[in-house]
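Okay, here we've got a single chain as structure tokens, the form predicted alone, with questions on binding and movement later.
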Amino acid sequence: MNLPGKTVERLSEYRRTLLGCLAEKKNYIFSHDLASRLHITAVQVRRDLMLIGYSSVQRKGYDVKELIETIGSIIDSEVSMNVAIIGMGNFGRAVAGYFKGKRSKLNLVASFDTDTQKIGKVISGVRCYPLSEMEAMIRDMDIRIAIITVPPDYAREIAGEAVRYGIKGILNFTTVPLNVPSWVFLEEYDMITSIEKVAYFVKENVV
């Protein structure tokens, strides 16, 4: 199933929200309730779920556990994928701490840095290796996804090396846009742009 990127994003958000519902002992949920928690429309929720072939709606709403499992069967890989963080500064450590153990099919197995004070240590639950060993570790640990949190001046060089060493997907947290081959999936998150977007709407809504 080849889904649009935005649909995959929303499915991930649905699952995270539904997991929260389970924690609240909520076993069923209506589309309008799920939509309101994510600040989107119920029509969008129903459209996304129809797109993945889910239409098991009971009078009391969607079965939360069943929907979690359905979404997982669509967006999760059948086999686990190994992930590495490149750049273990403050932000890299924060990402590692948040990411570790969140998804059973995504394993954060390594991090890389040039700082000798970090190399060889377990930081935020993941061992840090020297950047010089990145090629061997990507190959030996079958790492397919890289999260890049290095200083902007090094982002393009590091991304190029990661791709040459076999990385198939990159999540770029730096402020520098990257160019990668078409067969590498690239997701870029620019925090400055996001903050400016928030500031714009705050400005527009000031009474």
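A quick note: this is a predicted structure, and the numbers were derived from the prediction, not measured. In case it trips you up, residue 1 is the first one in the sequence shown, and so on.
We do not show the form predicted together with another copy of the chain, though everything after this point is about it.
Taking the partner from the other structure, another copy of the chain in the model of the complex has no heavy atom within 4.5 Å of any heavy atom of residue 40. For residue 80, no non-hydrogen atom is located within 4.5 Å of another copy of the chain in the model of the complex, even though that partner is not displayed. The closest non-hydrogen atom of residue 141 lies beyond 4.5 Å of another copy of the chain in the model of the complex. Another copy of the chain is not drawn, but in the model of the complex it has a heavy atom within 4.5 Å of residue 177.
Figure note: of the listed segments 40 to 48, 157 to 165, 59 to 67, 143 to 151, the one touching another copy of the chain in the model of the complex, with heavy atoms no more than 4.5 Å away, is 143 to 151. For the candidate spot formed by 21, 33 and 109, no residue has a non-hydrogen atom within 4.5 angstroms of another copy of the chain in the model of the complex. This chain lacks the partner; the member of 86, 137, 119, 95 within 4.5 angstroms of another copy of the chain in the model of the complex by a non-hydrogen atom is 95. Along 58 to 91, these residues reach a heavy atom to within 4.5 Å of another copy of the chain in the model of the complex: 74, 75, 76, 77, 81, 90, 91.
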